[in-house]
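Here you get one chain, nothing else, as structure tokens; it is the form predicted alone.
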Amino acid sequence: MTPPFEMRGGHVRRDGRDVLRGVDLRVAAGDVVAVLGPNGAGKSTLIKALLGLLPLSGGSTAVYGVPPARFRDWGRVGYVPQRLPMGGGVPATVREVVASGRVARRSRWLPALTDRGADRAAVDRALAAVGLAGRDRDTAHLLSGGQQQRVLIARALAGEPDAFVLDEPTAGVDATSQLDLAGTLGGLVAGGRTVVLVAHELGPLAPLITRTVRLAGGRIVADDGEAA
């Protein structure tokens, strides 16, 4: 089976500094991988490079067997960045941000689509899963940092992807919301979804993890369950 994510000899150089140094990583379908390591180890760089959001200066990466630049089926991947991107124009509501996760089922980067039928139902489910069903008309950028993180998680959930990539999903999120997130991810994992997440501490997510990958100095220094 083609792995959702694979990097071979991945090397990333930014601002004159080597951030990743010859990383080999294969994430199999159904893996729940935690990428751990100290600040500056290259954790966020690794997952962004896996998705083609940062260019490699050496090596290769693939999403479901296809280089990111040529991959078109982005509806299969849900990405949760560390923070809500700032955009111009009219401020977006929580529902509009979450609804934009449905667009990835058709294209990679397009504005939000209308809430109709299956799209609306998926958005409603995602909002309920992160405890924001009653905040859907609020302006997303006026929420707290933890609430904004929950909006981003809901956006990924709304797209109903096969694989989730989360960059520090518990950062700035209170203990109750972390437990809620663990419950949500637990349901996804039980359904066979693939999850890759960056974290400093796993907390309530720890029981879900099937594999930990530790980075230091831009290299993988430990991998306790490398996919076959």
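We number the residues from 1 along the sequence you see. This structure is a prediction, so every number in the text was calculated from the model and none was measured.
What comes next is about the form predicted together with a small molecule, which does not appear here.
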Out of Leu56, Val173, Ala34, Ala41, which one falls within 4.5 Å of the small molecule in the predicted complex, going by heavy atoms? Ala41
Heavy atom within 4.5 Å of the small molecule in the predicted complex - residue from Arg214, Arg14, Arg211, His11: Arg14
Spell it out for me: taking the small molecule in the predicted complex, does every residue among Val19, Thr45 and Gln82 have a heavy atom no farther than 4.5 Å from it? yes
With the partner left out of view, is Arg26 within 4.5 angstroms of the small molecule in the predicted complex by any non-hydrogen atom? no
Residue-level contact is defined here as any heavy atom of the residue lying within 4.5 Å of the small molecule in the predicted complex; does Asp180 satisfy this criterion? no
Can you tell me whether Glu168 touches the small molecule? I mean in the predicted complex, with a 4.5 angstroms heavy atom cut-off. yes
